[in-house]
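In structure tokens, one chain follows: the form predicted on its own.
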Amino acid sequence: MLRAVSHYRLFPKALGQLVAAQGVRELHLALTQGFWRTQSWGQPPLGAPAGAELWVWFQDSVPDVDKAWKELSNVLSGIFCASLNFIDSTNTRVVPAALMPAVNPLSAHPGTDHRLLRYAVLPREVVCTENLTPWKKLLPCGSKAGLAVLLKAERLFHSSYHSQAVHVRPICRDASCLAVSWELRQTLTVVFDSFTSGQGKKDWSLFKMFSRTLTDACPLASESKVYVDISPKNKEKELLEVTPTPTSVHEAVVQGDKRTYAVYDLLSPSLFNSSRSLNVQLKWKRPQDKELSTPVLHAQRYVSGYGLQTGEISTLIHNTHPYRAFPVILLETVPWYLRLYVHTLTIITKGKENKPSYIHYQPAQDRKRPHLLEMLIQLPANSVTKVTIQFERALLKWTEYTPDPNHGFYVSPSVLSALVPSVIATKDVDVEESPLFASLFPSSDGSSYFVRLYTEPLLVNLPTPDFSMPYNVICLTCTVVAVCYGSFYNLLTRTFHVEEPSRGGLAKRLANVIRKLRGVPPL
């Protein structure tokens, strides 16, 4: 049984009370705009699917997990101004193995029951300023001081990729784990196209990217640092330089590769001696044409086929390691209106069938839950594995279509979890020496590191009726009913009176006398 948050000097009270009230063990929320292009940008530092992602581990003491999940998503929808209230049973999954607890992401936490896990993705969620503002308010200093002063909305959303996340988990205070504390980690991942905005140059600075500079550290922060990756691409002379001179240089192992970082300590008195602002700049000494190295593990996903009856979902998983094979857990979640043909599932590697070591399939129920397919696949060295499965499109009720049905229906991306072997021999990261990198990039030992990847969300067209016909039918029906019923109603309710002809007044009688004398017919 985990204790509730006892003080709110740094921990936001809105999340602390929510975690205690709903019996949350872990909470992970990510709001992402755009898709991470692995082959162009390299391995993502923190993976997240396009749209909104929410997955929560509940404590054993929660009596009704589904009810707590529904209340939690509604409260988070109000806190972050997102459409998380649209999470229901049709897009919620109970995942057995793919999403392991973040207490130790390399092995399942003992005593953790997967029935206490709820996972949902809204691929169509649009992230904008109204989501960024409450995220910044959770920071101890808000956006008034520290690194958060750079978070200018109009600059962040004028980027190729933007992802903001909130992670809440329990951590052990000592080795015996007798005392547990709550950890809140807020991450923001942004990709700027400096080549386009820099007129063909890859040079960048904080002011060019954010239109602001750093002025001081957050007064409540015990540590505030800026890390700039200055790792050389080859063994020759360094091709880049950073200004001003960094406070120190740090070497770390990140995703199986050695990296060198220039560190700027915002709490150092010497950093702001000359001026009250810090504008970190990076310049290339000569043009750099070499692209980033291809990650060891990356994947793509697409829909094939023609017509609006059947189709096929294909997933390509690449293992570019020259001599190491490793297993990967593939999680496929498909909406109920795409009826999967499980007997058509094929896994091909190097032209041969690749049988999965473990497979778990939960069929969908119409309008209740989606398909869930989870597999453990062995990826040979330097190979491409293709996973395909056929499906049939269902015909929805006319009230179940979105306001723009011809745009298509989104299918949430696949999730890949794996321990990827390092290309080079490295040592394990010391948690005490580098707590930041040990937390963001965990590794089991010096030979492998944990990776969770997401593929592209799919956009599938469904058989769509002609929605102009109901409009025409309604207009015609209303017209016919109005004419027929109106006429019939008038006949039933109108009263008729017979009026006898009157002889007329004095003027009329005099006129008739005159007309009679003149031989003219009377009036």
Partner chain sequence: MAAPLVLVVLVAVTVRAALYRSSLAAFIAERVEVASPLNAWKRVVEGLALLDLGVSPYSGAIFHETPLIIYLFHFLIEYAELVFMITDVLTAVALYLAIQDYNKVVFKKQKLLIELDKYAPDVAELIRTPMEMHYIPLKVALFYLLNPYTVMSCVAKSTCAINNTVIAFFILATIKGSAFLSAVFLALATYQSLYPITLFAPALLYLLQRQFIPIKPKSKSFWLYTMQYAALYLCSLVVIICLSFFLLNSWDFIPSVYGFILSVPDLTPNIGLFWYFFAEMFEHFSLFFVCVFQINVFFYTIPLAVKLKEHPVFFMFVQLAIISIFKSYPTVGDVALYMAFLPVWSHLYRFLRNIFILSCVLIVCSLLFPVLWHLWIYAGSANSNFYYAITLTFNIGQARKQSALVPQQNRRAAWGRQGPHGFHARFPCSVQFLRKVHRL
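By rigid core we mean the largest C-alpha set that fits within 1.5 Å across both forms. What you see is a predicted model; the values in this text were computed from it and never measured. Numbering follows the first chain given and starts at 1.
We do not show the form predicted together with its partner chain, though everything after this point is about it.
- Only one of 232, 219, 322, 363 comes within 4.5 Å of its partner chain in the predicted bound form through a heavy atom, and that residue is 363.
- Using a 4.5 angstroms threshold between heavy atoms, residue 465 counts as touching its partner chain in the predicted bound form.
- In the predicted bound form, its partner chain stays beyond 4.5 Å of every heavy atom belonging to residue 250.
- Contact annotation: residue 397 falls within 4.5 Å of its partner chain in the predicted bound form, judged by heavy atom distances.
- Looking at residue 509, you'd find every heavy atom of it more than 4.5 angstroms from its partner chain in the predicted bound form.
- The stretch that touches its partner chain in the predicted bound form, counting heavy atoms within 4.5 Å, is 490-498, out of 490-498, 60-68, 35-43, 452-460.
- Contacts between 305-343 and its partner chain, taken as any heavy atom within 4.5 Å in the predicted bound form, involve 306, 307, 308, 309, 310, 339, 340, 341, 342, 343.
- Core-superposed comparison between this form and the one not shown: the CA of residue 20 stays below a 2 Å shift.
- Relative to the superposed core, residue 61 undergoes a Cα shift smaller than 2 Å between this form and the one not shown.
- After superposition on the rigid core, the Cα of residue 465 moves by 2 Å or more between this form and the one not shown.
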